[in-house]
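Here you get one chain, nothing else, as structure tokens; it is the form predicted alone.
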Amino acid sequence: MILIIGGAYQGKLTYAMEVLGISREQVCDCQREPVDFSKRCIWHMEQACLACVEKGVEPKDYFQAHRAQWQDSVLICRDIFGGVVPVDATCREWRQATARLCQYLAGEATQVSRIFCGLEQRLK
């Protein structure tokens, strides 16, 4: 599994498509649809985390339960776990749950990349 993180509009999906050979048909966009682990690429994972938090489910537990399905996938998550801490309790929990999930996934990944201005920084 490959984990790609980075800020909003930094070129994470473009990197996955151009460098890793992901086609648009192979992408599950969690902003528009529920997580479809049958797709090769899961994009906007932070939105899947928000859906879990709103349902009272720990995102890390949800992903662990589906571990076999994403082992060969490319997972893309926007970096929402830095900067100013949100005042809203739900937003704080979303941010923390997303960070916990990314820590878990980084440990499981064969490659972890941060994308900034379209450039890759290999972390693992």
Partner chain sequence: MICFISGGAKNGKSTLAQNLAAALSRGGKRYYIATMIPVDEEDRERIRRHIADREGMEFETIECGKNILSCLDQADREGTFLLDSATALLMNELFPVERSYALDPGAAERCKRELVEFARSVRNAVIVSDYIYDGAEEYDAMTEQYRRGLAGIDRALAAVSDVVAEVAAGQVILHKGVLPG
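Predicted model only: the values in this text are computed from it and were never measured. Numbering follows the first chain given and starts at 1.
What follows is about the form predicted together with its partner chain, which we do not show.
Participant: Which one of these stretches, 81-89, 52-60, 32-40, 65-73, sits within 4.5 Å of its partner chain in the model of the complex when only heavy atoms are counted?
Facilitator: One stretch meets the cut-off, namely 81-89.
Participant: Although its partner chain is absent from this view, report whether residue 14 comes within 4.5 Å of it in the model of the complex, heavy atoms only.
Facilitator: Residue 14 belongs to the contact set for its partner chain.
Participant: Answer for residue 95 alone: is it within 4.5 Å of its partner chain in the model of the complex, judged on heavy atom distances?
Facilitator: Contact check for residue 95: yes, within 4.5 Å of its partner chain in the model of the complex.
Participant: Could you confirm whether residue 119 comes within 4.5 Å of its partner chain in the model of the complex, counting heavy atoms only?
Facilitator: The answer is yes: residue 119 has a heavy atom within 4.5 Å of its partner chain.
Participant: Using a 4.5 Å cut-off on heavy atoms, which residues of 1-29 contact its partner chain in the model of the complex?
Facilitator: Counting only heavy atoms within 4.5 Å of its partner chain in the model of the complex, the contacting residues of 1-29 are 6, 7, 8, 9, 10, 11, 14.
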